[in-house]
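Next up is one chain by itself, shown in structure tokens, the form predicted on its own.
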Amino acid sequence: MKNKLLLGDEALAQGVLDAGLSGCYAYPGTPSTEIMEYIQNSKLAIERNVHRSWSTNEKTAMEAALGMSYAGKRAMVSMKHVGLNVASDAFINSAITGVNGGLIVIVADDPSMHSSQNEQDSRFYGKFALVPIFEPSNQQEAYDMAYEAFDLSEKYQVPVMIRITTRLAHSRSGVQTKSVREMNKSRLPGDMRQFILLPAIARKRYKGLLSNQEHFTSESENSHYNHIIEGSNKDLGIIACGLANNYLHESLKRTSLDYPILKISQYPVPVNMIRKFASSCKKLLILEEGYPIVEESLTGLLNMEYKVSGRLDGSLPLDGELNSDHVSRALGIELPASREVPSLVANRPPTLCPGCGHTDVFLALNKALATYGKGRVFSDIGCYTLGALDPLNAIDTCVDMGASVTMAVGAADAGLIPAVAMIGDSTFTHSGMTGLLDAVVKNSPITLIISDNATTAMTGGQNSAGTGSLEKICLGLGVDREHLIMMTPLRKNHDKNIDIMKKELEYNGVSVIIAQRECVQTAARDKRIAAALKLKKVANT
């Protein structure tokens, strides 16, 4: 055993590695990115030749992990919450196929939308898929759950979800590790029809999944992650889920209140434990990070016999991250007077990096579109989304990965011509290619600008699947060679780039402009690495 200081993401990564992981699959997305990065740099993963390459998107990651599980190996797939939307088809069906080697699906939710389009709660997906869910309350539990989840997965031949949130993912704590397990040997499924979801087979598999629900609930009832802490004041019982348990104990430090507490970190909800707990309390307060999933379920479980409060009755806010102040207010604990933020501390809105190629693309695009008026630029998820802010004010939409292309197609169908789609290289290969194929098939009058900085910049500069291949991909999808234009977004090329854009905006069909220039951050990083290697080489000679 060793003690390590780890982020929540890193604790999960170390846990799956120590448990005998053979393959990790992921697409970068805050707050989940560090899981894969930790495994990529792990000495143990390198020695064991654990698969650890980024996938093109979350769906391909989920399916590849399921393929490794099919071959008998232990696999893990990680993503942020909106990435689970992309992977949901494979994820939900994997609960019906079941698994062969253990399969863990780690999803990092982002309440308060620190770097996301929404703040959905992935426990909903786990409940929908009818699979067991772990929700750690600290880094040690994150490690332990990741270490143990493979056993549960293989015991019932089902994928297991681990759900964390931003605050746990990106905070550090000491973690005690366990002994390293051997990796599974390759083996085919015992039932060679298990993964064939023809209706006749799927119906049988689904009945099997349903019959396992009582076993999953029994596992939760007996889990050491779910337990009752007795309290002397039975006027209120508090059910604290996952990270909310930390906020509760932080709040209780401010007072002498001694309420009984039921901590829940493994699902399905432990029904009998909740009934036993509720029977000794006059009313209940439910603390959970995200949707009121447990709170809503209690209405049916308890048959309205008890007063239940939480997010639904306004005791806690319906949106945003939970915190100890919210919990204190719900408990009636007086908070210290808040201090005003000094006027010299002003909010600083995010901006594109100085010298960023996206800026030069937007400056040229604004000029090229000047005669057409506002409201024509459909953008996507990436650094370039900051083009919506002052001083550029260059984009009009940002909905989900790949939506720039298809929304531009739809707007053109409605008569908004020209319509412009703005997308990055990584997002294009993630989910923009199929939209471009739609546009080519329909010969939509849109101009697609792929702002290619040769990396996945927004999440820290991970490899982009399309680097060096975007031109070939576009040609392969059927884009006319004459209207596939390469340009370099530099200030010295500003007038030339405006002319390129104006010409393509006038074309009554699909045109693609690939604006190619390396991310200034990764370029600087590569220079530092090259300089360090040069110094090392000199020192060795």
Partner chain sequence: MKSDIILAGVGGQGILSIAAVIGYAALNRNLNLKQAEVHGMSQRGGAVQSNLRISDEEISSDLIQSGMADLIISVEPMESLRYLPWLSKNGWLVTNSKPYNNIPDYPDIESVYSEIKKLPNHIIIDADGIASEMKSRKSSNIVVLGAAIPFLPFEWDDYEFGINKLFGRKGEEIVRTNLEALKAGMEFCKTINK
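Positions refer to the first chain, counted from 1. All of these numbers come straight from a predicted model, not from anything done at the bench.
The protein also exists as the form predicted in complex with its partner chain; that form is not presented, and the subsequent description refers to it.
- Its partner chain is not shown here, but in the predicted bound form it comes within 4.5 Å of a heavy atom of residue 353.
- Looking at residue 338, you'd find a heavy atom of it within 4.5 angstroms of its partner chain in the predicted bound form.
- Among heavy atoms of residue 231, none comes within 4.5 Å of its partner chain in the predicted bound form.
- Mapping the unseen interface onto this chain, residue 188 falls outside it, with no heavy atom inside 4.5 Å of its partner chain in the predicted bound form.
- Contact with its partner chain in the predicted bound form, defined as a heavy atom within 4.5 Å, is made by none of 62, 93 and 276.
- Partner contacts here mean any heavy atom within 4.5 Å of its partner chain in the predicted bound form, and among 218-226, 142-150, 118-126, 250-258 they occur only in 250-258.
- For the candidate set 320, 349, 199, 375, a heavy atom within 4.5 Å of its partner chain in the predicted bound form is found for exactly one residue, namely 349.
- Contact annotation: of the candidates 468, 415, 342, 314, the single residue with a non-hydrogen atom within 4.5 angstroms of its partner chain in the predicted bound form is 342.
- Contacts between 168-191 and its partner chain, taken as any heavy atom within 4.5 Å in the predicted bound form, involve 170, 171, 172, 173, 174.
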